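Have a look below at one chain only, the form predicted alone, in structure tokens format.
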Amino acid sequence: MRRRTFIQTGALGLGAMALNPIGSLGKAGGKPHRNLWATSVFPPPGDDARMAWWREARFGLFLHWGLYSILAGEWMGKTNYAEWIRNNAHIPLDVYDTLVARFNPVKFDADAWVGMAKDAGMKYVTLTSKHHDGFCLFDNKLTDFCIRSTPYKRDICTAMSAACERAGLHQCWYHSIMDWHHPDYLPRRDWEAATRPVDGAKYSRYVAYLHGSVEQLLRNYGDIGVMWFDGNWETTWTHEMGRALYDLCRQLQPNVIVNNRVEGWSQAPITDPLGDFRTPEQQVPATGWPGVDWESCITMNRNWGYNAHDHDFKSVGQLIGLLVETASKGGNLLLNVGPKADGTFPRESVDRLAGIGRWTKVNGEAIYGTTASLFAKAPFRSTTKGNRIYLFLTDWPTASLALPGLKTPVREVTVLADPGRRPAVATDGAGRQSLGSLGAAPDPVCSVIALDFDRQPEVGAA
């Protein structure tokens, strides 16, 4: 079922924005529905000092880019592929390897990429240093299957980390635990069992390679905000291995944040879950996770990697709606772009980032550094910051706006897009507060009203 636009649904209609699954497998990329990182045992919240910038940020850019971008989602006449194309289209390894000689993103401009993220109001960038196909966008000294072997040759991660530092954004790395290329990674794909026998493969050698790769990512590119792991669901990757990898990251950079997809398989129930934050994919949890750090990763269209045939992009209004919904539930939004092989963003992504940026320039203070809504039930989304509550209004009221359950008297009201407008506050005989005389909506997508109080506001049952 297709989702209606953010304007049509309004704040209440958003609910848990559960989006359609991507292709046959999911994502970041395309995991089976054996969701080891969504267990009932929550990882403990990360320590406050280390997590402070991430909780303040609320909004980041996800980038899925690699050899698969060259194929642009198409193989043998079928056009429904993306970053999982080697596996899903059953491309032999020796054929896929020929893409290395074709990867030459001469239009890649790290400052332009980071600049678009910053202008959109994003505070961090998470790049696929290596996806499941095993190709590394950095100059990995442990393999030739990396950017060094391409015509381009220049280290993408060096360029991105330098651009992020110049722009004041946090550089983060996505890194796949799964690897379809390394000779020691197990298990093999079922469809290539005949052409890639497991004789001589030793998984412990692959784990050493993984550790060595991560060590380079955390030693050679400055301060890294997040190590965002993925591809951890196969039973060869165990809880003990996850613990060792998490500890390695923290030893190399004590302040780095590690997501919970570092977690591995365990035959016994896991009582010491790993990771600093949870990673719901293609959805915003219905009620968020109070007391737990989390980040929803969501695509702009239907795919993570570039697919030239996928023009099913969410509107600017829908994407703003996702940002509002995640913040109002106390989470972060990691919004994905799949760059083209030449190093440019699809035009649809560029336009949407610019549209989001126009909104965040006016209303960003209602997102950054806020906490989840205090209202149990209300005709709007909201966030809280100190002695201020922000109301997100998609359905702008023509008359009054009830503030259900608000106990603390409102001292002042400000419309962020029209600071000179000061709606009046009315209180009835039962102490119920409401706003009146709102006038016309100042923003066609989502207008934000700030309520200021003399103390931290309290909201009870409506």
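The numbering used is simple: start at 1 and walk along the sequence shown. If you're wondering where the values come from, they're calculated on a predicted model, not measured in any experiment.
One more form of this protein should be noted, the form predicted in complex with a small molecule, which is absent from this view; the next part is about it.
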property: Residue among Y81, W233, F145, Y96 with a heavy atom within 4.5 Å of the small molecule in the predicted complex; result: W233
property: Partner proximity in the predicted complex: R261 to the small molecule, non-hydrogen atom cutoff 4.5 Å; result: yes
property: Interface membership of E281, the small molecule in the predicted complex, 4.5 Å heavy atom rule; result: yes
property: Distance check, Y174 to the small molecule in the predicted complex, heavy atom within 4.5 Å; result: yes
property: In the predicted complex, H131 touching the small molecule (heavy atom, 4.5 Å); result: yes
property: Answer range among 397 to 405, 424 to 432, 59 to 67, 410 to 418 for contact with the small molecule, defined in the predicted complex as heavy atoms within 4.5 Å; result: 59 to 67
